[in-house]
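As structure tokens, one chain now follows by itself in the form predicted on its own.
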């Protein structure tokens, strides 16, 4: 990390000092608010992605928000939170490229305030099962060696047995998880795609094989694991690609102990898509014919339904229906 911006208000925060010691050669720049850098005009996401800066900031306002209606794995109450904005990976379909002006990483260091908000939500619901999803605006584990957020998060969820945590990731940074005892109210959920799609569209991510290896290690250690086949992408030989992927995944995992499997379609908000196609005009994925509906772009209904139905049929040959959730949609 060559450059680190630090908000003046948290410059002396113990967590800031710890993170800065990891980058002794970085240029440290004081700023008033992270938005002065992150939301500045005339930024180029694609250019910044080659060498992003780190921004250490304080999260104000609501930290725990209700999920979209279709974003759940069966809980009565569902929330998401983002201790970080932006992802170290470069997946060509990722909506973050259309949502943010900047490719810099923002890490909110006031973790305890997130945990306070989660505890307050649980006070409202009593013993009703609630889910909290990490990894909506970032990858939950990819920067864990720097932030140590998930380690702190797990310590809190151990004290909240009716609160369930999903950690969404494509990362193999699981050393910290394997160094501690698994807790029953946490699911480590991996986003998975066929290897040719990983190579073509999910730049800088671990291979499918390495993700499966990480899943198996976590499962063997006692962690509940989830599989997120999302988004399902069109390809010339899509059925063969996805069939090979399902075979590879299900042959190596103990399928009866998979906590949950979800399937999601490829969709992008129209305004995000317009920005993304300007950034990547050569992208075959983004330049394919898409259908517009309610300010969203997706494959035509016939193509989408065919892809989803094929995958669903294959999944339900292996796992029980109560392990399967059709559309938890996030890119």
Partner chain sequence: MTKPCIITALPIESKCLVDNYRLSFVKTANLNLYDGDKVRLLQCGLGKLSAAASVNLFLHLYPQTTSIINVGIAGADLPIGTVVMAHTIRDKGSNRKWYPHLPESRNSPKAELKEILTVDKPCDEYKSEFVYDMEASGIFSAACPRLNTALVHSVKVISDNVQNSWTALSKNKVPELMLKTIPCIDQLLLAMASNKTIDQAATTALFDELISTLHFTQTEQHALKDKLQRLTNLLDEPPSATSLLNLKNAKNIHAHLDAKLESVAPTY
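The structure presented is a predicted model; accordingly, all values stated were derived computationally and were not measured. Residue numbers count along the first chain shown, from 1.
If you look for the form predicted together with its partner chain, you will not find it shown, but the lines that follow are about it.
Contact with its partner chain in the predicted bound form, judged as any non-hydrogen atom within 4.5 angstroms, is confined among 147-155, 234-242, 180-188, 203-211 to 234-242. Among the residues 163, 107, 197, 258, the one placing a heavy atom within 4.5 Å of its partner chain in the predicted bound form is 197.
At least one heavy atom of residue 287 is located within 4.5 Å of its partner chain in the predicted bound form. Although the partner is absent from this view, residue 48 contacts its partner chain in the predicted bound form, with a non-hydrogen atom inside 4.5 angstroms. When contacts are judged by a 4.5 Å heavy atom cut-off, residue 41 counts as touching its partner chain in the predicted bound form. Though the partner is left out of this view, residue 29 does reach within 4.5 Å of its partner chain in the predicted bound form, counting heavy atoms only.
Annotation for 296-318: the only interface residue with its partner chain in the predicted bound form is 300 [heavy atom within 4.5 Å].
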